[in-house]
Each structure stands twice: as C-alpha cells, then as structure tokens.
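One chain is shown next in structure tokens, namely the form predicted alone.
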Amino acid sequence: MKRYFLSLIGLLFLANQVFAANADYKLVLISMTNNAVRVRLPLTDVTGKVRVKEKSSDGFGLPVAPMKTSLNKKFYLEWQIGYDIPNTNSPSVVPEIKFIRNSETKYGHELSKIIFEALRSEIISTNDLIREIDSLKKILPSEFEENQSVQVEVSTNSAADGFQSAIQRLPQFTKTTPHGWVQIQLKQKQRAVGYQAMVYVCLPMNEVLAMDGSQRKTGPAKSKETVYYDFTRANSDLLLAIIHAFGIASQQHNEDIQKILGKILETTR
C-alpha cells in the first residue's frame, strides 16, 4: 500500500509538471533584447488568443491547422491582444500601471508592458504618447466601432425545403502598416446581450522570428512551438496603430487606454 501511495504521488507530480509546461507554452511573454521589445507567442495553441490564419480577400482570414500547413508569407498570426489584468500573477504584467474600472483594480498587461518598455528604450517617445492621448480625447461616440450597426440581409427567395437565407454583415476596421496590421472586429458578447469590439494584431509569418532571432523558416509548426516578434523603431507605427485601435474600438477601451498612457508617462518621467 505504501509503495502504491508513493507511486500515485509520483504520477501526480509528473502530471503537474506536464500541466505547468503546457501552461507556460501558452503564455505571451514580453522581454527586452537588442533595443527591441520582443514578444513570445504560441504558434500551435489554436483555441487560445493566438491563431494562424491564411490571408483572404475579405480581410477576415481563414484559420488553418499550423502543424499540417507549410507556413509561408501567405499566412499570418492573429493575436487577440489585451492591455489589463485584475491581478499581478502574470509575467507580462506591469504592477506600476494601476487604475480603477467599475470599482475594480486593474493592472497594465501585455500591450501596456510593450508600451512601457518601448518608451523606456526610446522606440517611441513621450511626445508620441501625448499626441495619442490628445487624439483619443477628440474621438466622437459615433466613431467607435461598437456603435456601428450590424446589418442583416434577408433573401426574398426561399432556400431549399422552405428555409429562408439571411446574411449578417459585421463592420470591421483595419489599419495596415508595412510590418503588420491591426483589426477591430465586432463579436457577440459571451455573458451579455449585444456586441463588443475586439482588437487583433496581425503579424505576417515573414515578420515572425525563431528563438535565435532569425526569420522563421517556411514549414509546418512543431508541437508547442513558440515564435517571436520584435517591436523596434522601424515598426513603431504598428505599435501606435494598436494603441489607436483600442481608442476607437469602444468608449470603455478609449478611457482605459488614456488612463494607461497617462500612468506610463507618470512612471517613466
């Protein structure tokens, strides 16, 4: 019995180790390297915040199985980026960036850390953030994507077996830069009625790096493979576009981003 109990403990320990390894692989990690803010992203976590897609003419992209697809310049990473978190448990949090939303304390996360590090390393300037805050203050409520109408087109002709077809059209905003693009998409709320604006960063596979900093080679993804993207002065326009995307996505995002940028300016002065 004692031997069985010890074996069970050993199996539970190994299971916890495997779970921890899987959880770590899925984390978005942000670090500084060679005057760049480097972001580590999971390549094969198809149910998470980062997915591989093939470019399409409608701009929405087609999801693919990364381990079964030879990934080349026709493909890109779609990253549902965030900017805050309710605790300080993540390695991508900035504890100094702290603000209140709906009586709940929030801490800067992911995008906030990228901006924080980019400012400290002079990839972007304080003037860039001041200009962005001023610009966000001038956005009218009618310009927020969350306030754009969802259109439904119903066919006048009946489909097969008495069914009637309908097409739902959701607005999507896209800002393209030479090194990637950012999209704002309306998605149905999971725990409420209505739609919410979601921001996605789209990174072309030919801009994605391997662990050693070289361009990732064309080919299928390996199990639990991670890739990297560097924010530098050369592609700082993409970072500023991401900031502005949140500013025009919704009123709440606009207010949050203004608070975050203000806190970053206070902290780095």
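Computed from a predicted structure; not experimentally measured. Just count from 1 along the sequence shown to find any residue number.
There is another form of this protein, the form predicted together with a small molecule, and it is not shown here; the text below is about that form.
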Partner-contacting position among Val199, Ile124, Leu77, Val94 - heavy atom within 4.5 Å of the small molecule in the predicted bound form: Val199
Touches the small molecule in the predicted bound form: Leu129 (any heavy atom, 4.5 Å): no
Contact label in the predicted bound form: Gly82 to the small molecule, heavy atom within 4.5 Å: yes
Option from 130-138, 82-90, 167-175, 114-122 whose residues, in the predicted bound form, bring a heavy atom within 4.5 Å of the small molecule: 82-90
